Ligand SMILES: C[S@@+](CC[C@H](N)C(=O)[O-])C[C@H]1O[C@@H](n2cnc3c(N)ncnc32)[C@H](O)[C@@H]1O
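Below, in structure tokens: the form predicted alone, a single chain.
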Amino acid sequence: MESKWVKAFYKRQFEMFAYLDEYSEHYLDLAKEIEQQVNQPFQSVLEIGAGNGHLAKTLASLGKDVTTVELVPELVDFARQDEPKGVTSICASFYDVDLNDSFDVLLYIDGFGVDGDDEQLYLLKRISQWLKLNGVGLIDIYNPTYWKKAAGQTMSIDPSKSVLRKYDYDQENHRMIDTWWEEGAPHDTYTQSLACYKSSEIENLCLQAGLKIVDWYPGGAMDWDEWTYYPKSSLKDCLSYRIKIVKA
């Protein structure tokens, strides 16, 4: 069900950053932020689109039991290295993985929208099934207002300046386009395309899936005129925002 670009892009993205420091402080800050946003006691966590597994390991260090679902085998293999007690890494698609458990918390950090509205609605319905009756979900959503302004911008994204990216925006389908390449190889590109949703649009999708948004957490934004990134912005202007969902 996933778009064809998904495996190739995230595998290559991982390879491009394999030599970089893993920014452990970032993951600890993120884990503590998640605890604050959940704002109730919890033990079991399901993280989908889990990437390299560092967030799961950090949550486990805080005493949580974490199950992860990640599509790309190379990322799962990496995550399983020194996998601590309390983490279970599954290599599968979140569209068809068979999970018999329900969870206190569901996380989808940075990546929602890989396919179309129908697929995202199907995923949200699965998320509703995975949550316990009083469970909480946290999902990052891309903001169309920001990405329309970002179209055409190019930047380096690693300290060595050897990896570059360019942003574009698909006006017809309301999707951000993010193309990566290595310096010296401008024609060897890898592109991700993620759906962007206004707050009213994602709220409607959630309601169709039996979920209710109970809080909103705006993320940061790049000021393209000043060429400065601000870690906190408004819901209107942010790059992405996090929604807190419960069963409706």
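Since the model is a prediction, treat every value here as computed from it, not as a measurement. Don't overthink the numbering: it's just position in the shown sequence, from 1.
Unshown form predicted in complex with this ligand; subsequent notes refer to it.
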Quiz item: When you measure heavy atoms, are Leu71, Tyr95 and Asp110 every one within 4.5 angstroms of this ligand in the predicted bound form?
Solution: yes
Practice problem: Heavy atom within 4.5 Å of this ligand in the predicted bound form: which of Met176, Val114, Ile127, Val105 fits that? Just give me the one. | Solution: Val114
Practice problem: Would you check, heavy atoms only and a 4.5 Å threshold, whether Gly219 touches this ligand in the predicted bound form? | Solution: no
Exercise. Tell me, yes or no, whether Val246 is in contact with this ligand in the predicted bound form, where a contact means a heavy atom of each within 4.5 Å.
Key: no
Quiz item: Is the gap between Val66 and this ligand in the predicted bound form 4.5 Å or less for some heavy atom pair?
Solution: no
Quiz item: If you check in the predicted bound form, is Leu46 within 4.5 Å of this ligand, heavy atoms only?
Solution: no
Self-check item: Partner-proximal stretch of 196 to 204, 35 to 43, 178 to 186, 49 to 57 relative to this ligand in the predicted bound form, 4.5 angstroms, heavy atom
Solution: 49 to 57
